[in-house]
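Okay, so we've got the same protein chain twice, two forms, each given alone as structure tokens, structure 1 and structure 2.
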Structure 1
Amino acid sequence: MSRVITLFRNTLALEGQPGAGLNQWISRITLPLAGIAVFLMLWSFAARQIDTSLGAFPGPQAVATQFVNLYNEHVAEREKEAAFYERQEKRNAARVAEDPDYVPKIRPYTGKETFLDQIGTSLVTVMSGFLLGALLAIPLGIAIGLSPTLSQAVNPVIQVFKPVSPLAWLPLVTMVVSALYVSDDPLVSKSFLNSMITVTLCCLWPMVVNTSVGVASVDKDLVNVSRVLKLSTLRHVQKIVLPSAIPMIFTGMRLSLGVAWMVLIAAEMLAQNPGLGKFVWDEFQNGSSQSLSRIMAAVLVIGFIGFLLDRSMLWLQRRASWDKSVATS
């Protein structure tokens, strides 16, 4: 009865404010737009006050111009690639016409990666490192959460390695990969492995910690029910632990994905793995009059992709978790 009265009161409140829903949606749109407009004005004003060795600091207009230039460069590079393969097909067709026993060979196009190509490379690298980290961290976190003894044994190791910078891991990873990954026809480049493993090492710890905390915090009543039903360990984890710990697990994954994306840029700079980090470093080394605006364009793209990754993880959390309130956080 009390729930019916509450619902009736809420209905009356909404009827008394017919524009409440519309005003809420307007505020959700106008306030972010106002914040962006203020940011752009401040950025434009500050850019005019700063002179560097490469010229004036780029404002919004200069960066927007570079976005157009970067896209045009991508289109031009794809046209070159298409023309390259077309020439090969014509030559191979002519050779086959002269010699039917000739086996055509297609050489891969070795042109430079464009800005859009490097975005794709960075996304593949960060997701590979993140997924590898999740495969290692979540089972380990579950085991730590279920066993206080294991937790006490592993916790010092986690606390020591958790704050280690990717810049410290990368030289070690590079040496290990160079020593172990020896192949005449490698499946992936060493620079990709260096970046991916560095990302994995740095994004492990938030997932391990949050997963273990979530598992250890499972309601004791649910644990007692599992004991009464005499569930096996696997069934206990499947039916009791995971549903209860999913919010904390996804919190750890969300934190780890943010860490992974930040770590990746630094790793790509040092490992020279084609990606956004290498793009920024190459533009810095280039030192042309357009370098600053191209770097600033990359900074905006890095931030926007990080935002999309975070929103994507929130969406996945809402789909997998009983706690739907995370969708608005």
Structure 2
Amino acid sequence: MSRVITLFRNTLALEGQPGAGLNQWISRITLPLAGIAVFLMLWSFAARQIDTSLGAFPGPQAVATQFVNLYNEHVAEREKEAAFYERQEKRNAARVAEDPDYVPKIRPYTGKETFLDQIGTSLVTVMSGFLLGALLAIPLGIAIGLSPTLSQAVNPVIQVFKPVSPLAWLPLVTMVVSALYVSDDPLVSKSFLNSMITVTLCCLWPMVVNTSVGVASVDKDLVNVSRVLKLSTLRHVQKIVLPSAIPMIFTGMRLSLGVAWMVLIAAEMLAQNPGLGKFVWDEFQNGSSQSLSRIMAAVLVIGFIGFLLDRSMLWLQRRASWDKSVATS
């Protein structure tokens, strides 16, 4: 194990050496490409062997076709949308002519969400849920990390809730939201709240735990310095705790975001809330000869977005921490 780590370190270290630059650069490009090529070949081969009741399992080509289809559908839907608004304006004008007191209102488009729309919805939902989670979890984590008393008191609750599959929360969340969120002109839809709160609930725990560990393990010397200087609690957190705990906080956030993205797709599938999960479920229900390749296309997109989310957190982590060595992939 330690040899592997040393090897890994050496590889990393090589990056800095000018002599190995070109070779390194070539292998950094070619190896992943070769990996992808082998994967595509295996996939294509395996797909032809699997025959489902909906036809053959989609290979890379079928999925590529679907990406084109999905994009075309998106474009077509936008055209329909433009026509919808045009008709609506005419209708409004006609009504104003007939009934001058009428205040015309533009209603949002009533057509279906396209694949691209669903991606947008999922991204907005996951980020909202995640940010809300961070707003709750980080202060809570800091408080727990600072006070061993609080830590001991809260610990059992965290330990019990941490392993709960977020999907178990979903029915409860749905019922509570529909009971409490009553409004004639809601700002956001209930389905959005359901997905968002489910995401929040499950990305809470990794952040709380990591933040509290990070805060609790602040160098004792630094804590003593703070004591000597008689810093107020707020200054203590600001000057001593946060800077040392930031790498751990970000590790927690990265874990959380990964969990959040996985949970969101499942929650959308289960609750039929708009988003990529619903797209997958709808296609599964349709059971057409196109369904499997469309689902596969969605799977790839879900994976790719998950990867991008992780990379952007990593980038943020690097920007925010002073100890760059902690923030590795």
Partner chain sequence: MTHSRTPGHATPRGLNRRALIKAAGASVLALGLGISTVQAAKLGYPEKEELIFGFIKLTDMAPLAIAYEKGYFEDEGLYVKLEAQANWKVLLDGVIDGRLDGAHMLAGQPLAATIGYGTQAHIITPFSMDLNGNGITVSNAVWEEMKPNIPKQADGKPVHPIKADALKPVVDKYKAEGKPFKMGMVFPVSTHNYELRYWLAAGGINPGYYAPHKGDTSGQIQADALLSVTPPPQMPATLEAGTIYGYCVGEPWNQQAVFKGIGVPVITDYEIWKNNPEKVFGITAEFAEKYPNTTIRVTRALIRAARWLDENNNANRPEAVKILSQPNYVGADEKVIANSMTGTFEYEKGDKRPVPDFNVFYRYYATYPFYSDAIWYLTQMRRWGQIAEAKPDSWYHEVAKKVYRPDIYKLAAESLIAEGKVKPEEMPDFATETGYKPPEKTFIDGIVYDGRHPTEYIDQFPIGLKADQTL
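Since this is a predicted model, take the numbers as computed values, not measurements. Whichever C-alpha set is largest while still superposing within 1.5 Å between the two forms counts as the rigid core. One-based numbering along structure 1's sequence throughout.
- In this pair, structure 2 matches the form predicted together with the partner chain, whereas the other structure does not.
- For Y102, a C-alpha deviation of 2 angstroms or more is recorded between the two structures after rigid-core alignment.
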